[in-house]
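We've got the same protein chain twice here, in two forms, each standing alone as structure tokens: structure 1 and structure 2.
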Structure 1
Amino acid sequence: MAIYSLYILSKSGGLIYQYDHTSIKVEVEKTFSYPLDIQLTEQNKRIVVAYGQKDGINVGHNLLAVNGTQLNGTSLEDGQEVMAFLANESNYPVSLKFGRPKLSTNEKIFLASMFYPLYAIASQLSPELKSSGIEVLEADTFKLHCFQTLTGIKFLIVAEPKQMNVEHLLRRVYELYADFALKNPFYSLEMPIRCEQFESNLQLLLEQQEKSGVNTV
């Protein structure tokens, strides 16, 4: 049982709070000889595996480090391009570390604002009368739960598919939001939430919920 992350979206779809609770690191380091048996491409200033999954290295993983040193975008520490470095046979054997890219803050904002139209379209394409937007979105690796308040604020929780009682948890988070964010005189609506009390109470709540997995009101 695990709760991966929490997002709070304002009425206009902007991300006003994000918290990563449990994050899973997917990283594999392996030594390669010439020529490389996986295909790499450059995408958005990152080196990405394009073809040839093996040993836990999957398509979509990013190249993180070469011979133990962290990459700087698509170039090595000394400024040499990685693709050129890997094409040179004299540099082998080489140890490469691959991993699933972690979301940057910008990407999180981007994803949050992407959810807003999805929610709206889901209600527009409904075959039934008076349907709400997406409440639960299921994938094979996670389940996303969404709770929209009457005032239009959306609370999203990304959790493991088997995690129970997330609906209840969402309402509890709403309570915390009402108590600690809205009652804070220094907080202005639609702006990111920066409030220590809110954060510490939220952490406590999520930890409690994860341990018990059942109602703890």
Structure 2
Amino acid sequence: MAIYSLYILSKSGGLIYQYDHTSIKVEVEKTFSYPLDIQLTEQNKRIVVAYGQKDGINVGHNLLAVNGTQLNGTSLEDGQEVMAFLANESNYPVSLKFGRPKLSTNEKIFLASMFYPLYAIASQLSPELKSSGIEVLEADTFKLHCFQTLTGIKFLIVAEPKQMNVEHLLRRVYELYADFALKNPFYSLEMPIRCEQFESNLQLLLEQQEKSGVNTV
């Protein structure tokens, strides 16, 4: 069982804390002949698979290395542009390593801000008044669990689908937030949380819950 990440959103929807607990490394290396049977494109200074997923290489994966050499953005070690290198038939066969992209800080802030309107839409779609909004979003590879406090702070945990008692865990995280962030005289509401005691106790809590998967924390 695994807990992947934790997000804390302010009542206005801004990301005030994020912690990656467990990351799954997804990398696939394959030798290609000319021409490439997958389509690559340049996005945000990265080389990304745009079409033609196969053999574990999926749309959205980043090109990480060429012939065992890590990329520097969209360039090879010698400064040559990757797209120009791959367009040259004389460079084949070529070994390409692809992997799942790691979210940047800006991307995490953007994704967190997108949850706020989704939560509001879910509340409005409810046939009953005073809906709690989104509590669980389930996909084939993960579940997103949400707990909203009375003051509008949202705690989100992304976990493996089989991870147990995440609802209890969310409330324990809220208790840590109340004990170590809200009671910190230097912390201001709606601002990013920077508290070593909160983070160290959070890490310990997540490790205990991940190992047990039961309500013992």
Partner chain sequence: MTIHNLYMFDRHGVLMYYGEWNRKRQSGMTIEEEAKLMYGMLYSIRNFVNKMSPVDVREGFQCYRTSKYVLNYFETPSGVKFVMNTDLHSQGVRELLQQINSQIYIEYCVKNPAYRSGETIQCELFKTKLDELVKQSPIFKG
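Quick caveat: nothing in here was measured; it's all calculated off a predicted structure. The term rigid core refers to the maximal set of C-alpha atoms that superpose within 1.5 Å between the two forms. All residue numbers here follow the sequence of structure 1, with the first residue given the number 1.
Peer 1: The same chain appears twice here, once per structure, so which copy is the form predicted in complex with its partner chain?
Peer 2: Number 1 is right.
Peer 1: Would you say Q53 moves its Cα by 2 Å or more between structure 1 and structure 2, aligning on the core?
Peer 2: Shift of 2 Å or more: yes.
Peer 1: Any chance the CA of N44 moves 2 angstroms or more between structure 1 and structure 2, core superposed?
Peer 2: Moves: yes, 2 Å or greater.
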